[in-house]
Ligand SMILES: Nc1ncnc2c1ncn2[C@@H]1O[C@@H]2COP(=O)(O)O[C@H]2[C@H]1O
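In structure tokens, the next block holds one chain alone, the form predicted alone.
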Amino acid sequence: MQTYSLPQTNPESVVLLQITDTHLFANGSGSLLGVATKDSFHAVLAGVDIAARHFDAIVATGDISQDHTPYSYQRFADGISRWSQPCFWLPGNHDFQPTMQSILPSEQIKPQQQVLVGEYWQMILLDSQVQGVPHGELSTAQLALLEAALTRYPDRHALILLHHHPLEAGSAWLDQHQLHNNSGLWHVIDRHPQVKAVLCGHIHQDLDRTYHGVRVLATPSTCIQFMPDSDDFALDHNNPGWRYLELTKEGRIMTSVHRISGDQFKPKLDAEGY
């Protein structure tokens, strides 16, 4: 298992910046349902700069590319290179992993599955992709990796990251594409009380729920947003966004979602799918 140690600059907590579902193209004018994804991605990066909040690392929870091209992944790498903090990424259902890995090794982007965060936390990054389909699953090997990581550091608070949402979000069309074998994930988590939260992407909306005593968080996309609680495909008028997570030494998570301002990234609200 690949492990990375993230230094802790503040003795009380570590702050993560989550960016997710960028859906980038090689073509700079490439758009998804009316939103130019490169432009909305860079607007989010600029919003992070304007917010001027310190963070220790970037986590990117999948669907980085829409067209599977090497340059779409390079666009992501070039965009975040304005910062010096390391980035930890994982694949989503729209990603093509051989191409995703083609820009590695990278000084900034780390492929590690286990990250020791300061003195008190660990992050475990899981691959829930099933190639060619939108739903997710965790293989036996991924569940074994999770079990091993949690067993190895029982005294560290744990944050689990994956692309697919591990419980129903409340939208029938989205929930058919959730993590299909989520019972396996929760079976492992139930044996390890140090797990504090599961962080995902995929649903292009803000989600903050508690399940089995564990917080489940999802975050707005940097491009289009899906309408919450809609059984049929529907887009939301909310703007692209990002999330901060502050992990305290006591095991608490303080988190907030931020969105860019303005109306320049409104999607085709009458779209029936993508």
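All residue numbers are counted from 1 along the displayed sequence. As the structure is a prediction and not an experimental result, all values here were calculated from the model.
Another form exists, predicted in complex with the ligand; not displayed. Remarks below refer to it.
Note to self: Since only the chain is shown here, I'm wondering whether Phe41 would be in contact with the ligand in the predicted bound form (any heavy atom pair within 4.5 Å).
What the structure shows: Phe41: no contact with the ligand in the predicted bound form.
Next item on the list: Give a yes or no for Asp56: in the predicted bound form, does one of its heavy atoms lie within 4.5 Å of a heavy atom belonging to the ligand?
Entry: Although the ligand is absent here, Asp56 would stay clear of it in the predicted bound form, with no heavy atoms inside 4.5 Å.
Notebook entry, point to check: So in the predicted bound form, does any heavy atom of Met100 sit within 4.5 Å of the ligand?
Noted result: It does not: once the ligand is placed as it appears in the predicted bound form, Met100 has no heavy atom within 4.5 Å of it.
Check: Glu246: heavy atom within 4.5 Å of the ligand in the predicted bound form?
Finding: No, no contact at 4.5 Å.
Item checked: Contact at Asn93, Leu174 and His204 by the ligand in the predicted bound form, all three, heavy atom at most 4.5 Å -> So, yes: the whole triplet contacts the ligand.
Notebook entry, point to check: Can you pick the stretch from 225-233, 206-214, 47-55, 238-246 whose heavy atoms fall within 4.5 Å of the ligand in the predicted bound form?
Noted result: Checking each option against the 4.5 Å cut-off leaves 225-233.
Next item on the list: Identify, from the list Pro111, Gly170, Pro134, Gly184, the residue with a heavy atom within 4.5 Å of the ligand in the predicted bound form.
Entry: When the ligand is considered in the predicted bound form, the option within 4.5 Å is Pro134.
Check: So which bits of 115-131 sit within 4.5 Å of the ligand in the predicted bound form, heavy atoms only?
Finding: If the 4.5 Å heavy-atom criterion is applied to the ligand in the predicted bound form, 115-131 yields nothing.
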